[in-house]
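Okay, so here's just one chain, in structure tokens, the form predicted alone.
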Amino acid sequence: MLSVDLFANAIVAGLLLGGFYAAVSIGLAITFGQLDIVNIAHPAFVVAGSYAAYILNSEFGLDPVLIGLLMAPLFFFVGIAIYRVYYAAFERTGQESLSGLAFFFGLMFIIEVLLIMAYGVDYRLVSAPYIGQSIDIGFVGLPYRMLVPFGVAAALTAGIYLYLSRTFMGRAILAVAQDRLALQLMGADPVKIKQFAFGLAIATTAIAGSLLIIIGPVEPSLGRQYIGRAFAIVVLGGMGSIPGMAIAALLIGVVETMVATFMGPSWSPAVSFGVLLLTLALRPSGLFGRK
């Protein structure tokens, strides 16, 4: 017989997990959804953000969320440097489809190998006063290690959405995805705009990485588990749609948690790929994408 308590806790846990998924996917919604850059190394940067949080938390005792915010500008400039290499080597010559994909695939493994060489394959974690604490609302438990990432992810998603929709640079990023020629006629440089957008996307991984290590310990190859999830969320939400991405992330989180709770955790990794295949087959434009 279905337990109401178990069902309610699974729904709440899924929503909290989905909020974190949104933080992981929002940068990919910019690079893949709006810039058409298949950055499969995106989750590896998230793990790099987790290790930055681990280092500074261990050395100076800083809060992981604060570390993510402090590291975001550094990751932004790293993203700009990576896009310059990508543009010069692949995009400018029209070889971004296959060669560009191989570039990011190699970049993902470089990040993993560097982390393994520096810190080994042991799991690393951080300490904070709220980790291990929880609050109960009726029969529903809300662990702070999930509640804090959900709140930060919600603020990050809202901030990126407002930036893209309310500022000149944000609208230019949307324009370069929809009509590059019109943007050039207005005197803007699409390459510089895409460079900025890519840097912004990588900056979000610093914050997402700090949330990942709050939720649980990390190791260098952990990012591979999020490649399928992140792409499934972006495609399901609609290419380039930030609100759609957020709703899709919550949906994936709830479905994964329900499957793990009532069918077993071994089934949950297949959820994202199943949703991705169904979306591509039935509604390629996603929930909120343009038809």
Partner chain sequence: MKGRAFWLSMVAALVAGLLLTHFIDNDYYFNALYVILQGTVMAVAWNILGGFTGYVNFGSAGFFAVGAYTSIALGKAFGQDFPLPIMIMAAALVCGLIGLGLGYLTLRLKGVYFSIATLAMAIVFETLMNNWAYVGGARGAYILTPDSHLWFNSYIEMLFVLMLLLTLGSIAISRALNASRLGRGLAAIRDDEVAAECAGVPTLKLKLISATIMGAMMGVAGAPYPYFVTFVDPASAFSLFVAVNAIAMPMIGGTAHWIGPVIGALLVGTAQQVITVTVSSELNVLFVGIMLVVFISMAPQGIVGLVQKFRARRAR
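Numbering follows the first chain given and starts at 1. No experiment lies behind these values; they were computed from the predicted model shown.
Missing here is the form predicted together with the partner chain; even so, the following discussion is about that form.
- In summary, among the residues Val255, Leu62, Leu69, Ile227, the only one with a non-hydrogen atom within 4.5 Å of the partner chain in the predicted complex is Ile227.
- With the partner omitted here, the residue from Val126, Leu164, Met146, Met108 that has a non-hydrogen atom within 4.5 angstroms of the partner chain in the predicted complex is Met108.
- Contact annotation: Ser134 falls outside 4.5 Å of the partner chain in the predicted complex, judged by heavy atom distances.
- Interface membership of Leu251, defined by any non-hydrogen atom within 4.5 Å of the partner chain in the predicted complex, is ruled out.
- When contacts are judged by a 4.5 Å heavy atom cut-off, Ala155 does not count as touching the partner chain in the predicted complex.
- Contact annotation for Leu276: at least one heavy atom lies within 4.5 Å of the partner chain in the predicted complex.
- Taken together, the three residues Ile40, Phe103 and Leu114 all lie with some non-hydrogen atom within 4.5 angstroms of the partner chain in the predicted complex.
- Contact with the partner chain in the predicted complex, defined as any heavy atom within 4.5 Å, is confined among 166-174, 89-97, 135-143, 201-209 to 89-97.
- Contacts between stretch 215-246 and the partner chain, counted in the predicted complex as any heavy atom lying within 4.5 Å, involve Arg224, Ile227, Phe231, Val235, Met239, listed in sequence order.
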